[in-house]
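Same chain, two forms, each on its own as structure tokens: structure 1, then structure 2.
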Structure 1
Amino acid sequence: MTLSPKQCEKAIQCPFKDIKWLHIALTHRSAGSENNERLEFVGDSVLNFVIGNALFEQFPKANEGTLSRLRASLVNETTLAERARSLKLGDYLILGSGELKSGGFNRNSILSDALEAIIGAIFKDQGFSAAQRWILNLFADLLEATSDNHVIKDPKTRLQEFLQGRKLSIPVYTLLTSEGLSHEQVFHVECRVDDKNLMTRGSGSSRKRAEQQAAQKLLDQLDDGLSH
């Protein structure tokens, strides 16, 4: 049996001025035309902004690429669905009969969308600061656990540690070419990991920078491989 938005309000510990917003946020599109899709659109952008800003503050030395990667590790369907389950959002979802029968209340995409819609609803009902507080509270432990490994260790170090941890051959860097005049030379480097049959290239204003770039690209390829 679906519990009411009023009961949800208690569970998420966020008193609404107008409970209508929470009602809409809990309504899946299968249940009618006034559903949570528009609130999800807004909530998604609030969430990305708030978490992005929190990471900006938490990691003052992280570059844009690292911040993007860290955010993607926190704001994704799997993590959001897990947070939604911790709030038991499935108990409050308003679903059409088809989704109800097929177990939509436990589907990652539906849970994750509803959580974003609730964020949108809090913003619409109570303004930006309230939405920010609620998000930061919901993500507090995840933010705390977010390792700054990605930040304090450079790509070459992380690649080497990754491979050693798996007893794989260490990466081999080869200088391919360098071009330009001495004060603005560009170096091109290749990074090979034979055990994984992977090869990337990097370039930069020093040989070391070129190697770091190639190592980062290789880490990205390993990441892709792991997530598939």
Structure 2
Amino acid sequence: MTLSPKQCEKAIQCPFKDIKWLHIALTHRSAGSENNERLEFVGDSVLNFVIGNALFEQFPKANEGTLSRLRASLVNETTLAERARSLKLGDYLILGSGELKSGGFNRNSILSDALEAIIGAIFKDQGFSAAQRWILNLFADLLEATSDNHVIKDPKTRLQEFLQGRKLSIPVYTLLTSEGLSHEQVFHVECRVDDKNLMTRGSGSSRKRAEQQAAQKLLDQLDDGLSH
């Protein structure tokens, strides 16, 4: 059973002046025409600015490229979905019947979009300062653990560097299938390393995300092999 926006308000520790903003932020497009897509757009902009500015202040000697990579390591679908799960946002999402049946309440793309929409809702309801405080509190531990000497590289980059460092062939990514409507497509990709006779598959809401998932799975296999 989906819990109410009022219950969500308590869970995220952010009282709203007008609870309607939170209701819209929790409503997926599958549930109606008044949904969270527009708030997600606003929230994404606010989030990127707040995290970007926090990194700018935290690392005064970091150049633009480093700051961009640091922000990308914090503001991405996987991290946002993890933050959303920490708030149990899946319990409050308002989904259409199809998404309910397919487990949309636990899908990374839906959770990350909802989190951005909530940021947009806080911004529209209470202004920038309130949204900034909420974001910095939510990301406090991640910002504290971030170092400009250790930029977290994406799985594809790490896999390629791992293989090249051992003079092995680079991975080959193949698009297997894509399914769903144009705005809700799911891509399925294969990642193969012939020298190691390894193959993994990944899925995601874009080809790039599917490739990253497949690369991470292959890295996990290589790590397991080295640890045994």
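Computed from a predicted structure; not experimentally measured. Residue indices: 1-based, along structure 1. If you superpose the two forms and keep the largest set of C-alpha atoms that fall within 1.5 Å, you have the rigid core.
Structure 1, not structure 2, represents the form predicted in complex with another copy of the chain. The Cα shift for Y173 between structure 1 and structure 2, taken after rigid core superposition, is 2 angstroms or larger.
For A214, a C-alpha deviation of 2 angstroms or more is recorded between structure 1 and structure 2 after rigid-core alignment. After superposing the rigid core, the C-alpha of K196 moves by 2 Å or more between structure 1 and structure 2. Taking the core as the reference frame, the CA atom of S205 shifts 42.2 angstrom between structure 1 and structure 2.
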